[in-house]
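For reference, the chain that follows is the form predicted alone, supplied as structure tokens.
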Amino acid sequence: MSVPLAYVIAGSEATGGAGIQVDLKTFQQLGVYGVGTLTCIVSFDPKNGWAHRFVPVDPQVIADQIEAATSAHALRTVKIGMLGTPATIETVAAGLASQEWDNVVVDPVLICKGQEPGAALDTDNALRAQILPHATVVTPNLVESTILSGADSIGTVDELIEAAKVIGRQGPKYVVAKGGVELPGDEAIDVVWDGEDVTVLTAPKIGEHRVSGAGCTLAAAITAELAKGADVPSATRTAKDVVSAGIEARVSAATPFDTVWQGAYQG
């Protein structure tokens, strides 16, 4: 039986609310067979305010995983999530360059809390130089859009649109800039820039606080829909519906944040 395939290169988040755990759950919910390569391990520390503990995977181990995954399957659509170090980025960039891709979705996780500022900046710069040029779609949140565009701040939809245009000049064919609950008003707003036109997607806000895993879920759902043959605008609309359903049915835990439940979506 032929089933659609999607590949993810990302980190692990042990509580299940982000990272590759979310990506594979989202792929499964949307009827896509998920293949994954692990780049790092993030373990929140419950004895220290749930701070991040970040451990990178050895670059050779990452390269080995990429070799195994791409040799076993005819992978054409990939999502790039948390990378975390310049060495990891270099390895993943080489993996991307080793074959042709129909779709490369980049969720630009720029900074892991707990990284030293210098290391974080080096990672940011490496991601811009080596990963963004490969992207079919990049899905920055408001903070990432501000950093990638060089804006002082983003507080309106018009400013988010302008940031998306600036990011688009760095290589991605499409920019899905997420406003989420961060922009004022009753609507959760995302903008899609295709290099010529902008589409504004809205949905009613569900609460006023961010829910962990929303960004991972959105990018993973776009990836899954692209793997099934959808175009970027329709994939993004479906992804927004997946996230809205998952936030509505959010999962609570001992953590200070709730997480998206991907299983809530019934397309």
Ligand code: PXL
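All residue numbers refer to positions in the sequence shown, first residue = 1. This one's a predicted model, so the numbers in the text were calculated from it and none came from an experiment.
Omitted here: the form predicted in complex with this ligand. The next part is about that form.
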query: Can you check whether Ala18 is within 4.5 Å of this ligand in the model of the complex, heavy atom basis?
result: yes
Residue contact check: Gly246 to this ligand in the model of the complex, 4.5 Å heavy atom: no
- prompt: Within a 4.5 Å heavy atom cut-off, is Ala135 in contact with this ligand in the model of the complex?
  reply: no
- prompt: Wondering, does Cys216 line up within 4.5 Å of this ligand in the model of the complex on heavy atoms?
  reply: yes
field: Which of 236 to 244, 223 to 231, 58 to 66, 36 to 44 sits within 4.5 Å of this ligand in the model of the complex, heavy atom basis
entry: 36 to 44
message: Considering non-hydrogen atoms and a 4.5 Å limit, which listed residue (Met82, Val176, Leu148, Leu160) is close to this ligand in the model of the complex?
response: Met82
message: Please identify the residue among Ile89, Val109, Val104, Ala164 with any heavy atom within 4.5 Å of this ligand in the model of the complex.
response: Val109
- prompt: Which residues, if any, of 9 to 33 lie within 4.5 Å of this ligand in the model of the complex when only heavy atoms count?
  reply: Gly11, Ser12, Glu13, Ala18, Gly19
